[in-house]
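First comes one chain, alone, set out as structure tokens in the form predicted on its own.
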Amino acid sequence: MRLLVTIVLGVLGVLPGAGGAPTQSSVRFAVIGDSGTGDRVQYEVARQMVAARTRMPFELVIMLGDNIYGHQGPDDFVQKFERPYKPLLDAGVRFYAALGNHDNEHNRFYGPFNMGGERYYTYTVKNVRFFVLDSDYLDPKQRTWIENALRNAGDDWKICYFHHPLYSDGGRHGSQVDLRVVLEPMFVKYDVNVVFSGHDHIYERLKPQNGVHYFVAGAAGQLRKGDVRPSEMTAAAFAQDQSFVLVDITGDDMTFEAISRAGQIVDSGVIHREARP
């Protein structure tokens, strides 16, 4: 049965049901991309994540690549990951990383990234299946793996994330069309609901493309201020400050908020998953 996904928007406001204790079926997570600068702004975004968790107690963070910039020795993992997110790590929040073009491939062995030594992998939280890809090197083996994994997944929600966006109105990089040609037919065929990517250092929500909802969230550390060229694809965009995304999936509804470094909700809405006859 193919699924129809519709969206209800609410901008610059907290949505009903966003706070409080999670229900038994809730899956709550934060989304960060291009985060690992070790600079003051990364720490400030991290503090907003901690503050957001007091009203939406998420237990998971997905990382969209470029998790560690520059030198990537042991001290760098402390400065650019362990220290900024220490309150979350101490609270038991688990981070699940995808690799970006600035990440050393060996970072997949770093325990707190929960990659299990793999460049691409999948995991399930309640009724949500996450698929993590290495968009730097989409070789035939990985293509076969992702198609099989999507085909065999019977979960209610299918969420894919990786570094390079299939759709983006970012001025620096924009849409990665070569990846889109390969991945989008599979996403459509196997009913992927939502895709998160980074690479462009902005926040953008695209209008649904062939039934799939795409987000660019590459501004949790880096920022290209004003680097959005809105097009007919653009549903919402924010490139004035660093940001992250907060998500709550409960039943057939996915509530999302994009939150700036200053704590402002710059975009929000609900993606509703409906069965198509």
Partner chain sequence: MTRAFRFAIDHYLFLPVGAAVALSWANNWPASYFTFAHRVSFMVNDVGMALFFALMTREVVEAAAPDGALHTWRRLMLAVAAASGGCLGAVLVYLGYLQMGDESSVLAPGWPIVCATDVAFTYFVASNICSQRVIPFLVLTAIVSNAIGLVVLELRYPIGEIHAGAGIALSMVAITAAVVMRRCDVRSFWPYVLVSGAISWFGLFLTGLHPALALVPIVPFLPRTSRTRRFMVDAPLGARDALSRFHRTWKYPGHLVLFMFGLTNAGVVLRGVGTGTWAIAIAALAGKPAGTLLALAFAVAAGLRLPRHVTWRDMIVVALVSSTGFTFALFFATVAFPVGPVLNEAKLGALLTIGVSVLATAVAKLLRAGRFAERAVRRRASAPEYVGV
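Everything quoted here is computed from the prediction, not taken from an experiment. Residue numbers count along the first chain shown, from 1.
We do not show the form predicted together with the partner chain, though everything after this point is about it.
Heavy atoms within 4.5 Å of the partner chain in the predicted complex map, among the stretches 209-217, 246-254, 26-34, 66-74, onto 66-74 alone. Taken together, H102, E105 and R172 are fully in contact with the partner chain in the predicted complex: each brings a heavy atom within 4.5 Å. Remark: K126 does not count among the residues lining the partner chain in the predicted complex, judged by a heavy atom distance of 4.5 Å or less. Residue contact check for F109: none of its heavy atoms lie within 4.5 Å of the partner chain in the predicted complex. Under a 4.5 angstroms non-hydrogen atom cutoff, the partner chain in the predicted complex has Q176 among its neighbouring residues. In the predicted complex, the partner chain lies farther than 4.5 Å from every heavy atom of E82. Residue D136 is the only one of E118, D136, D155, E147 with a heavy atom lying within 4.5 Å of the partner chain in the predicted complex. Taking a 4.5 Å heavy atom cutoff to the partner chain in the predicted complex, the contact residue among L89, V182, V188, V78 is V182.
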